[in-house]
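The chain below stands alone and is given in structure tokens; this is the form predicted alone.
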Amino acid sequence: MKFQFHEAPVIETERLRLRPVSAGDLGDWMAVWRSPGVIDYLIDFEDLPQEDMGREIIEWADGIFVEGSGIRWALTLKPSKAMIGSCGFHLFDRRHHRVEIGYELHSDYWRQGIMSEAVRAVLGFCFDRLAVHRVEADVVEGNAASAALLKKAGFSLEGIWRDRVYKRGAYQSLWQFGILKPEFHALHG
């Protein structure tokens, strides 16, 4: 099942504007992925991505919106229009009322609360506009910063997917996090 939006909505927070990703974001998104430490825990990349892979990911973002299974937003710091990261959801399951989220942020903007602000906004959208009951997030084992961000947002560590992905010549385990709608609203109102 899918959601029904004619165009991806724009979300505004105190400091951020989350807008749909576009082909014009390729250069900015490449800069995000190439900033120090960003791809270390992203399971989609074996090495620094090249532009052809960047175009494929933008096509993927367009595709999940068209098929109604997700939205990936470009994160911009107001009033700038430059993309400094992305955040969104995919694997929208209307029958079971759940989605999975993902995100990345240029390392120049780490530890400023930017991704926490974006994740809260995306969670609010998912729980209130999509009426999902559960949001999940998978984190490569060892990514303490991402785990801390999710816990701060109200997620609970629910388990470990042992050797779930194969990356850079080795199996990687994933921590699975989840948050339920009542938990989010109790924490964030």
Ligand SMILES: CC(C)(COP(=O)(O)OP(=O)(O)OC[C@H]1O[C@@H](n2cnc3c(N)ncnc32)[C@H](O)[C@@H]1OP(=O)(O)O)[C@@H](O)C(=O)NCCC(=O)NCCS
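When you see a residue number, it is the position in the sequence shown, counting from 1. Given the structure is predicted, the values throughout are model-derived calculations rather than measurements.
The following text describes the form predicted together with this ligand, which does not appear among the structures shown.
Annotated contact segment (heavy atom within 4.5 Å of this ligand in the predicted bound form): 131-139, selected among 50-58, 131-139, 160-168, 63-71.
The candidate spot formed by Gly37, Gln112 and Leu149 is fully in contact with this ligand in the predicted bound form: every one of the three has a heavy atom within 4.5 Å. Taking non-hydrogen atoms only, Leu42 approaches this ligand to within 4.5 angstroms in the predicted bound form. Interface residue remark: Phe92 is not counted as part of the site for this ligand in the predicted bound form, having no heavy atom within 4.5 Å. In the predicted bound form, this ligand stays beyond 4.5 Å of every heavy atom belonging to Ala31. In the predicted bound form, this ligand lies within 4.5 Å of some heavy atom of Asn143.
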